[in-house]
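Just one chain is shown here, as structure tokens, and it is the form predicted on its own.
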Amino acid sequence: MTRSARWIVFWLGAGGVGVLIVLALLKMPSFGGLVHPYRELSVPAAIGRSSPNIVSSVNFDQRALDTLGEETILLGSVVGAAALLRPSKDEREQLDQDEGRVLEATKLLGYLLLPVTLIVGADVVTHGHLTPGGGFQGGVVLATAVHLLYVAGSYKMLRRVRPKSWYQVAEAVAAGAFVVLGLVGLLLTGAFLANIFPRGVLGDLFSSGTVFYLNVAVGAEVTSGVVVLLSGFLAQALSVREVR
């Protein structure tokens, strides 16, 4: 395809998307109005399905297929970035013996915050259907907790407790679990990602049906994905060296 043909295709596509966006904006209700049809439908649906966190109910129940798309985009982004960050044929990983000097206060704070951050992250993930938070937010907190070891000054220890291959497998398994739950719902109820677990009692940990399990799956995937990403960036900055 010639350069001019590519530009024509691009402007046709961009123009079409632009027209659709303008039409959608013209149909939107006025800002600050008293009519909120989405809220009036989503809130009773969430409460009726024992999920007091309305956002999680929307993400993992009422429009779970859309969340699967977002999860897939995250997985693809991590795979793409990891592929680009791999050492080339002229590069090797070599760890420096001297890790530099870190203030004792920074070390102490890093080691103290690590378990606290892990607990907070796990709480945000597992209670994502009950309280503000969820798998996406909690996964980032958990991945951050692991990397407090690097902040505390021990990159070697971080590499020992963070075997990248494990997290690569965990990310794939978690992403696959989301799809498997959807397929089981399709087989049992006729609808992809339909609920297949008991709703339980509003406020209980094991309640809200599939929302709880999808939340945990996304938390595991986000944790693993962020760890894999940061491991690639840290390796490029700290241990990958050009071999001559």
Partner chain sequence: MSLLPYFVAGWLLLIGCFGVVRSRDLVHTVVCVAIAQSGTYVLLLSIGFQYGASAPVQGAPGPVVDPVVQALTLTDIVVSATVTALLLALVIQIAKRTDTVDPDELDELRG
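Numbering follows the first chain given and starts at 1. For the two forms, the rigid core is made up of the largest set of C-alpha atoms that agree within 1.5 Å on superposition. If you're wondering where the values come from, they're calculated on a predicted model, not measured in any experiment.
Omitted here: the form predicted together with its partner chain. The next part is about that form.
- In the model of the complex, its partner chain sits within 4.5 Å of a heavy atom belonging to R63.
- E91 belongs to the set of residues with a heavy atom inside 4.5 Å of its partner chain in the model of the complex.
- When contacts are judged by a 4.5 Å heavy atom cut-off, E70 counts as touching its partner chain in the model of the complex.
- By the criterion of a heavy atom within 4.5 Å, P52 is counted among the residues contacting its partner chain in the model of the complex.
- Contact check at 4.5 Å (heavy atoms) against its partner chain in the model of the complex: none of L108, T189 and L193 pass.
- Contact with its partner chain, judged by heavy atoms within 4.5 Å in the model of the complex, is confined among 193-201, 206-214, 54-62, 171-179 to 54-62.
- Shown here without its partner chain, the chain has R6, W7, F10, W11, A14, V17, G18, I21, V22, L25, L26, M28, P29, S30, F31, G32 in 5-32 lying with a heavy atom within 4.5 Å of that partner in the model of the complex.
- For A237, a C-alpha deviation below 2 angstroms is recorded between this form and the one not shown after rigid-core alignment.
- Relative to the superposed rigid core, P44 undergoes a CA displacement smaller than 2 Å between this form and the one not shown.
- After superposing the rigid core, the C-alpha of P198 moves by less than 2 Å between this form and the one not shown.
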